[in-house]
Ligand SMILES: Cc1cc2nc3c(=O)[nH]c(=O)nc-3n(C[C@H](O)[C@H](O)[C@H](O)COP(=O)(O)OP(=O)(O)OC[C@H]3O[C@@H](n4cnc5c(N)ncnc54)[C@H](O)[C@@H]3O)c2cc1C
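Heads up, the chain below is alone and in the form predicted on its own; it's given as structure tokens.
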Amino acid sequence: MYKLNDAGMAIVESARAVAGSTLASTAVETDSQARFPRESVQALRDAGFFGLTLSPEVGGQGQPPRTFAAVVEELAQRCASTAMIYVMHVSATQAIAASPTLTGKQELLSEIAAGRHLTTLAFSERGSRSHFWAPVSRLESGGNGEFVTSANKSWVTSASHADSYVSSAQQPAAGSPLESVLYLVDREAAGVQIGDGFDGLGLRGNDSSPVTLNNVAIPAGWLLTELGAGATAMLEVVLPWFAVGTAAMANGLSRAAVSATSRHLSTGRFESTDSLLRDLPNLRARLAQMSVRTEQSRALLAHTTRAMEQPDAMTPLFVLQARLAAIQAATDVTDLAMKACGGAAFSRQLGIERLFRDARAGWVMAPTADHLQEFVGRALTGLPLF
């Protein structure tokens, strides 16, 4: 599907092995207890996945978006919470790697590649809600070459476990929210307050909690962009990697639902007629629909990752479409899985009910499905996104 080279295929095989052992063994507990999957994250650290997309110069594996997508698919099939944590880490890592201003960037990237630093995104705010590109918080001059900021960040994945947050704010004296800047925050910095633990419908183990910044000092060397360049970095660096990662996560959920449904239909039996569930044409038809939707979405994502490696004017549109197609497919495919497998799916014994809940998180995660439809429509009619 992703046309990986030998190195990429070996990495995906490694991801499949980690997912099939550590992630699979803890996924049910992670979901039922809304517990951060420490064992799974540690397994990714140990296997070198924290630096998957970073340059070999800092100890990374230098892999392109297509390998990232294939890895996330493998993780999501076993534990979507772990996959979400990983997607946020890689997306934030790419913002750090692209920074023209961060002091000590190479040293930090080396720490990330070595598995010693987990990072994440902190864009959405209570006042901007899902409009992640329009922060309401602002950097203010703090003197001595520092800035200071206060913010109410919402839904920060890995909030209590990440070592740093890639965050956003309006620049000093900004005329609009789009005049923004990205900056790095140490989770243990004075003024950082993490809210109550996450207890949601799906992706229950990703520790997605609100984070409050109370007059947090931001050294000038911790800015990730020039003043006013934050929106550009969010849309041109972070969004493509986030969109690919979350699309791959949704596709992984769809693949897992197809596999679980196929197994159930091939083994569930009617004793009165000595026949299997797969002998019913309506159930086979649902499974066929699930498979087609899944592979359509995966094909679009594969095309998008290749386009990102040699971008042209159409690449941003493919990025938006790939995420939209994947989150729509995941909700539809997992819904069909629940219907095809009936009571067994609702009773949780097949694991499909968890896939169903996890798939719905992508629908409301910024940019939401509604945002994506609007962005795609504007792009297709020659209008600016904002």
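One rule holds for the numbers: they count along the sequence shown, beginning at 1. Since this is a predicted model, take the numbers as computed values, not measurements.
Note that the form predicted together with the named molecule isn't included here; everything after this is about it.
Asks: Using a 4.5 Å heavy atom cut-off, indicate which stretch of 183 to 191, 99 to 107, 258 to 266, 203 to 211 touches the named molecule in the predicted bound form.
Replies: So the stretch in question is 203 to 211.
Asks: Quick one: does residue 12 come within 4.5 Å of the named molecule in the predicted bound form, counting heavy atoms only?
Replies: So residue 12 does not count as contacting the named molecule.
Asks: Does the named molecule get within 4.5 angstroms of any non-hydrogen atom of residue 376 in the predicted bound form?
Replies: Contact check for residue 376: no, nothing within 4.5 Å of the named molecule in the predicted bound form.
Asks: Although the partner isn't part of this model, could you tell me whether residue 130 comes within 4.5 Å of the named molecule in the predicted bound form, counting any heavy atom of the residue?
Replies: Looking in the predicted bound form, residue contacts with the named molecule include residue 130, since a heavy atom lies within 4.5 Å.
Asks: Consider residue 345 of the chain shown here, and say whether it contacts the named molecule in the predicted bound form, taking contact as heavy atoms within 4.5 Å.
Replies: Although the named molecule is absent here, residue 345 would stay clear of it in the predicted bound form, with no heavy atoms inside 4.5 Å.
Asks: Given that the named molecule is left out here, which of 320, 361, 355, 70 has a heavy atom within 4.5 Å of it in the predicted bound form?
Replies: Residue within 4.5 Å of the partner: 361.
Asks: Can you pick out, from 225, 94, 77, 124, the residue that has a heavy atom within 4.5 Å of the named molecule in the predicted bound form?
Replies: Contact residue from the list: 124.
Asks: Within 4.5 Å of the named molecule in the predicted bound form, which residues of 364 to 380 have a heavy atom? Give them in sequence order, or say none.
Replies: 364, 365, 366, 368, 370, 371 sit within 4.5 Å of the partner.
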